[in-house]
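Before any questions on binding or motion, here is one chain by itself as structure tokens, the form predicted on its own.
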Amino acid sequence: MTRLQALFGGTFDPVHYGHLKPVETLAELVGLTRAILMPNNVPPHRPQPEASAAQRRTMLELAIRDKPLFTVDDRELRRDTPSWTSQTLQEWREEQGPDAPLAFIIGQDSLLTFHTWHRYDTILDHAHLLVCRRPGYPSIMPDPEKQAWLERHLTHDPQDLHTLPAGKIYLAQTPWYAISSTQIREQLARHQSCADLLPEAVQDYIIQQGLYR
């Protein structure tokens, strides 16, 4: 098999098991050899992070230090402009070459609003979409035109993700963890342990840095 790589973007404020564990299952389902965690700098559609760019990068590095599947890409942290996925994936494709199989990981909720993304129509030119399920969200697109678009690109065969460089959408039956960064920040503000929600090294760093108080 070719070495399928996937980017997984997010604020990671802080990173937790709800980010990491579904991607580990996804890697087993599709033969993913490398999952690249990419923290956003200026997320276009959500409030700015509480932790600094350097702190969020450090938390990611601590979270994956014993997980060889994962690496960190901080390219978006080095930008002063909004973190547009279309721009990042175009850059990544240029770096990896035209034939490398590349993918971008999103949740089912993001798939439903995918057509509102900046230059969304270019994204599948550069990468596959790996979609992790989200309970409570519809399994079909909001209108027939978008559903037809999904069906044109949909594959049920993970091998397609390895033999083609881009252009496919794979709906993955990954586990759902009812964990959110907001929940963790609120618990930490109340001085409650989050040891079951995120790696111990991350919690220790948060306490040492005095974050989310």
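Given the structure is predicted, the values throughout are model-derived calculations rather than measurements. Throughout, we count residues from 1 along the sequence that is shown. For the two forms, the rigid core is made up of the largest set of C-alpha atoms that agree within 1.5 Å on superposition.
This protein has a second form, the form predicted in complex with a small molecule, left out of what is shown; the following refers to that one.
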{"query": "Contacting member of 123, 72, 77, 106, with respect to the small molecule in the model of the complex [4.5 Å, heavy atom]", "finding": "106"}
{"query": "Listed residue (159, 33, 180, 147) with a non-hydrogen atom within 4.5 angstroms of the small molecule in the model of the complex", "finding": "180"}
{"query": "Heavy atom of residue 8 within 4.5 Å of the small molecule in the model of the complex", "finding": "yes"}
{"query": "In the model of the complex, residue 18 touching the small molecule (heavy atom, 4.5 Å)", "finding": "yes"}
{"query": "is_contact(residue 134, the small molecule) in the model of the complex, heavy atom dist at most 4.5 Å", "finding": "yes"}
{"query": "Heavy atom of residue 110 within 4.5 Å of the small molecule in the model of the complex", "finding": "yes"}
{"query": "Candidate stretches 78-86, 95-103, 126-134, 139-147, one within 4.5 Å of the small molecule in the model of the complex by heavy atom", "finding": "126-134"}
{"query": "Residue 137 C-alpha shift between this form and the one not shown of 2 Å or more, rigid core reference", "finding": "yes"}
